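We begin with a single chain expressed as structure tokens, specifically the form predicted on its own.
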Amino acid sequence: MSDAEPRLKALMLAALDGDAAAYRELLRALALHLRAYFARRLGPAEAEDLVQETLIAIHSRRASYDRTLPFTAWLHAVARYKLIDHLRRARLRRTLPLEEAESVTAGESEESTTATRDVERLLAALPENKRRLVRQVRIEGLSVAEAAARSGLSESAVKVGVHRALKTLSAMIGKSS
């Protein structure tokens, strides 16, 4: 896609300046690039939905594009986040042969272990329901909707619960500093 950078960036800049024809051409070109990007990672069957989601995200976030930076880097960041969201929703997990497991865990640093222990200690100070919500949304990466379905709470209650729990944790950290 680096060969396409100057053309795509010029189309994006023109689109940001109000050129509707340039914007249509940009979206057409991006759809082709995104189809290939997602098909390589997931297969063609799942690619089309992600292409559409990504084009919508690009449309809604186009004002956040920094004109001084490469366009394709911004595009790939948006596409990557959409791919990660899709994989989380689908709960796809990559498997690793057992023989290779040691090479993955052997590299864990002492700092990482200490940080994990500290987070667990802080979470233990929260009430069980708040601890569960923080763990689900902030550590496991569930969406608010998924955490709400799991806990039987409304999405608003989950958002408020996580917010209040994080505020409590922030206050606890402030006191210990």
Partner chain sequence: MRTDALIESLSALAEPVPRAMVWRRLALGAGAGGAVSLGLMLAWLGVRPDLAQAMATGAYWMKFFYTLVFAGAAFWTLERLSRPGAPSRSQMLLEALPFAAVAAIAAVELMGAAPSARHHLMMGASAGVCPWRIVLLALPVLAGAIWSVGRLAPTRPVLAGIGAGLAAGALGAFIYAFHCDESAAPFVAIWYTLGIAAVGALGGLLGRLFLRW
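These numbers come from a predicted model, not from an experiment. Residue numbers count along the first chain shown, from 1.
One more form of this protein, predicted together with its partner chain, exists but is not displayed; see below.
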| property | result |
| --- | --- |
| One residue of A145, I139, L69, A125 in contact with its partner chain, assessed in the predicted bound form (non-hydrogen atom, 4.5 angstroms) | L69 |
| Non-hydrogen atom contact I56 with its partner chain in the predicted bound form at 4.5 angstroms | yes |
| Touches its partner chain in the predicted bound form: E48 (any heavy atom, 4.5 Å) | yes |
| Close approach of A73 to its partner chain in the predicted bound form, 4.5 Å, heavy atom | yes |
| Contact of R24 with its partner chain in the predicted bound form (heavy atom, 4.5 Å) | yes |
| Partner contacts for 62-90, taking its partner chain in the predicted bound form and a 4.5 Å heavy atom cut-off | R62, A63, S64, Y65, D66, R67, L69, A73, W74, A77, V78, Y81, K82, D85, R88 |
